[in-house]
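The data below hold one chain only, encoded as structure tokens and taken in the form predicted on its own.
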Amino acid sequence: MRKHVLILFLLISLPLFSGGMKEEPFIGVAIYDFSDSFIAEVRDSIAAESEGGIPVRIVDAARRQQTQNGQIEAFIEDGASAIIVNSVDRTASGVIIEKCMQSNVPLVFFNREPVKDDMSKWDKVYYVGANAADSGRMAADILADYWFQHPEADRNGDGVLQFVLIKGETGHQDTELRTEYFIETLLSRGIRLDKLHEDTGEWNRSKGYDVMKSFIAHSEDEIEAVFANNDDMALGAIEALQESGFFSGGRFMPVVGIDGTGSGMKALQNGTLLGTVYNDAVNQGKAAYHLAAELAEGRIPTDEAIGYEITDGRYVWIPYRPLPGDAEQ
């Protein structure tokens, strides 16, 4: 009799125990590379904004899409309420969306915008980023202002701006748009251009250094300006230029970057970086987190709920801001 009573007690209590063991809700955050300075600032903003709210689990794919796919699958298996993704390869976004659709786990992408066809696959997919074309225009305006204010910038006196270009990751929308609108804006301001060299630095400081060393080896006496698609590569270029005697003894080279990272701001203050364009990592992180939190709670995000304007039903655009340094070099 006692045995039967014990079994009955356990059967009645089982739902209570299993309910108490239910895992707490969380938002998964998949980052393409922790070493990217700008992305690290967005990551830190997401983590800070989650305090007191739905907790986050943040993982690093170390630039491997296969790794990231596995991380997202693990988030889904662990019961993530929503996932924030900074894709390694934006063309892989469609596969990620389909995985999450099957499990009904909402998605927020940031920085690496999925193509519109992929975004349209599901109504629980959102994107947070900045208009890359604007950053290209602003970077060009910084350099154009310097060019017009400093006749000595035309080192050979031919009236043509000889420049080199260090591009970000091939195929990344920011790489293409920042470059296109940088050149288009300089031309629209009446500056004749001669692009001496271009190469990819993969958003990486050490690769930016290597690329710039190669440019210097080929054309040191001809280069009149450097445009890098982000601050990390611009800082690598500055290191290479310093080794060749620039930024001392009156030798200045205008270098323009984009992102306004902490290290970029230091270079701006010490006069080695001519200018940068502030890419608001803090607000991108906040917007991404609040979108994901609303979706995790089963709600349709609104401007009022997340504190940011949602355009076209699923995009949040955080504006850039130009940060020119002291041009009196």
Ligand code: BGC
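Numbering starts at 1 and runs along the sequence shown. All values reported here derive from a predicted model rather than from experimental measurement.
Form predicted together with ligand BGC: not shown, discussed below.
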Practice prompt. Taking 4.5 Å between heavy atoms as the contact cutoff, choose which of 124, 167, 205, 112 touches ligand BGC in the model of the complex.
Written response: 112
Worksheet entry | 4.5 Å heavy atom contact, residue 279 and ligand BGC in the model of the complex | yes
Worksheet item: Is residue 32 a contact residue for ligand BGC in the model of the complex, using a 4.5 Å heavy atom cut-off?
Response: yes
Discussion item. Can you tell me whether residue 39 touches ligand BGC? I mean in the model of the complex, with a 4.5 angstroms heavy atom cut-off.
Written reply: yes
Discussion item. Can you work out whether residue 172 and ligand BGC are in contact in the model of the complex, taking contact to mean some heavy atom pair no more than 4.5 Å apart?
Written reply: yes
Worksheet item: Where, among 174-182, 97-105, 73-81, 208-216, do residues come within 4.5 Å of ligand BGC in the model of the complex by heavy atom distance?
Response: 174-182
Discussion item. Going through 141-164, which residues have a heavy atom within 4.5 Å of ligand BGC in the model of the complex? Please give them in sequence order.
Written reply: none
